[in-house]
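Taking the form predicted on its own, here's one chain by itself in structure tokens.
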């Protein structure tokens, strides 16, 4: 099969653990995603869950006060579940072909995160929090909805960190085990030093696409000028094969599949880590809570018919 991204990009991905595709999204796509975020803050639908990045708490958007909405930084979880236009942008046919080549399987969108501001999240691997069934069967995308200024807390990442042998917790899994996180951090710092890996920051332009490997170490740099926005959309993708093994409820999208699932649970009292934590192995139990699990797509179906590779569109 002809490569969609080309041999040079494929080699760069393998060596560095990320790809940048400048201007991948057009103005209509950027506006569609930005408008989706604006709409939920206006309508406050009861099934939308947000994370407060100031208080590190999770709540329904209906429970966010006007004062907090103005003065705190939030991320909106899983808007892809309810917004069809956002979903079509984050897994278009064109993007799906790129992700399929990187994953070696059809992609399944399993969460989205809408940001208005930088996350300032500590350096981490996505396998800690979005743990796939197969060790590295996960990729993530970052869509720039505006130009990123250096003082707005740009995405930071460590090229080549995808070659660090992953730390396996005492549980036998890559999934986060909080009592061992200090040990994990020491291990990663030692590996960065041994390999001489250095931080880079992504000063994106509106419409740029950043794709990263499951094992790329990354985080959010410090916001040096409070109030500066860094509007973006992050999406995580599992593989079709893993999701079928788990019996996930998959729905078709032009570029692959999206996972139908309940909104994130919100605790009745107290705070909860603002990072959505999903262990793929636990998904069947979560999905059993759904009253309607119709539309489950059976394993072994015929692969979708795709258009010819858009090699020139990625140049």
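All values reported here derive from a predicted model rather than from experimental measurement. Residue numbers count along the first chain shown, from 1.
Another form, the form predicted together with a small molecule, is not on view; read the next lines as being about it.
Undergrad: Looking at heavy atoms inside 4.5 Å, which stretch does the small molecule contact in the model of the complex, given the options 229 to 237, 98 to 106, 76 to 84, 176 to 184?
TA: This holds for exactly one stretch, 229 to 237.
Undergrad: Heavy atoms within 4.5 Å of the small molecule in the model of the complex: does residue 113 have any?
TA: The answer is yes: residue 113 has a heavy atom within 4.5 Å of the small molecule.
Undergrad: Would you check, heavy atoms only and a 4.5 Å threshold, whether residue 219 touches the small molecule in the model of the complex?
TA: Yes, residue 219 lies within 4.5 Å of the small molecule in the model of the complex.
Undergrad: Indicate whether the small molecule has at least one heavy atom within 4.5 Å of a heavy atom of residue 161 in the model of the complex.
TA: Taking the distances in the model of the complex, the answer for residue 161 is no, it never comes within 4.5 Å of the small molecule.
Undergrad: With the cut-off set at 4.5 Å between non-hydrogen atoms, does residue 124 touch the small molecule in the model of the complex?
TA: Output for residue 124 is yes: heavy atoms within 4.5 Å of the small molecule.
Undergrad: Has each of 119, 142 and 212 got a heavy atom lying within 4.5 angstroms of the small molecule in the model of the complex?
TA: Answer is yes for this spot.
Undergrad: Considering 243, 155, 137, 89, which brings a non-hydrogen atom within 4.5 Å of the small molecule in the model of the complex?
TA: The residue in contact is 155.
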